[in-house]
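In the form predicted on its own, a lone chain appears below as structure tokens.
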């Protein structure tokens, strides 16, 4: 038996959509999903039609008072049951994610467990959404109630289809809101599966709907007059379009957008630890992660030694079929590989130095090797733009102030990292970095209970942790004169 045969296989025959408590086929254009590891077709789907979109929103609107009217503890029990179902069936969902996205099986399973954890975390918040009383003096008192925002739209990326879905849907449901989710047209299968399991866990029919399709369906969903809030994860360019659509119903928006995250390594840092974390931060999920540490800003005296360690780690990574759980899976599509390749080829044509990788491997599938460019000018395209692939650029600095200027020198501000043995110096830098999260001596070693979101072109609003509830539970003030 081969390693692939020994692993759980993706379930086929899934419904294309989930509307008002029932799976159904789409009535829109047909799509063929491509296996990123082989570049061969493996599953067919159909997009939702605009009529089906309207049915999904009307179902969510009708289910809203049923769910919002349940006791918070009762809502918590349903979300706990859903978390348990996800864990019990983790192998099935992980196989779907591995095959559909192209990520190694262990990474896909981690995403599944994260999804369960989101539902469990927000289940615990259901009966803790308390208002407050505000003394006004005399014969007046104000009190606030936290009410569900209404019907929420969740427009999802292809790189983390399941965990990103759970990170928005779980707090929305905990707050008593209802959901219409639109996964990426490249990776729709796990969202439909999760909606089916949510009904099994006890969610009312119509509360959690999934419609599939491309950008036009996403725009129509964000612009639907009954949508109260839109949560979107994707590129900055697409985020601007979502904001324009959401302006029609004057819906709130949470936007987690692009990144070009810096990792600063100063001369007193632990280079072994920094090398492992930097390699993980840029090569994990084939670099297809908004928080990827794509820019290494290193003090000149230790630059070469650190980069040599990172290059060795990248060169040791094995590429292979995701279900065989390699170190590195393929990029999600031919278009994504061509995008990454385009950045690399333009950088080489501009005379930049590529010390490892930088060449498409001679094999089937959309694979691309770990790639490192050194001494990259701050204004270079590959230092300013999000590549969204396993491509690291390095820049030298002579001290903390120069490192800070380089780190803040892009339009993005999602996350950042600092490596230094001097805690005071690290904290001083962390306060001045333009980023929503800063990791000191442990890049991307945080967790999903910590507020997450960007500044500048990296987004609006916060997800994860208790801060993730703010978009879905709105305070209503009641002023009593007595």
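Residue numbers count along the first chain shown, from 1. Everything quoted here is computed from the prediction, not taken from an experiment.
If you look for the form predicted together with a small molecule, you will not find it shown, but the lines that follow are about it.
Trainee: Hey, of 232 to 240, 313 to 321, 266 to 274, 168 to 176, which bit sits against the small molecule in the predicted bound form at 4.5 Å between non-hydrogen atoms?
Mentor: Of the options given, it is 232 to 240.
Trainee: Can we say 185, 215 and 290 each have a non-hydrogen atom within 4.5 Å of the small molecule in the predicted bound form?
Mentor: Judged in the predicted bound form, 185, 215 and 290 all sit within 4.5 Å of the small molecule.
Trainee: Determine whether any heavy atom of residue 388 comes within 4.5 Å of a heavy atom of the small molecule in the predicted bound form, and answer yes or no.
Mentor: Because a heavy atom of residue 388 falls inside 4.5 Å of the small molecule in the predicted bound form, the answer is yes.
Trainee: Is there a heavy atom of residue 358 lying 4.5 Å or less from a heavy atom of the small molecule in the predicted bound form?
Mentor: Residue 358: no contact with the small molecule in the predicted bound form.
Trainee: Please run the contact check for residue 452 against the small molecule in the predicted bound form: heavy atoms, 4.5 angstroms, yes or no?
Mentor: Residue 452: contacts the small molecule in the predicted bound form.
Trainee: Verify the contact flag for residue 158: yes if a non-hydrogen atom of it lies within 4.5 Å of a non-hydrogen atom of the small molecule in the predicted bound form, no if not.
Mentor: Residue 158 belongs to the contact set for the small molecule.
Trainee: Can you work out which of 414, 48, 37, 60 has a heavy atom no more than 4.5 Å from the small molecule in the predicted bound form?
Mentor: Only one option qualifies, and that one is 414.
Trainee: So which of 259, 365, 104, 370 gets a non-hydrogen atom within 4.5 Å of the small molecule in the predicted bound form?
Mentor: Contact check passes for 259.
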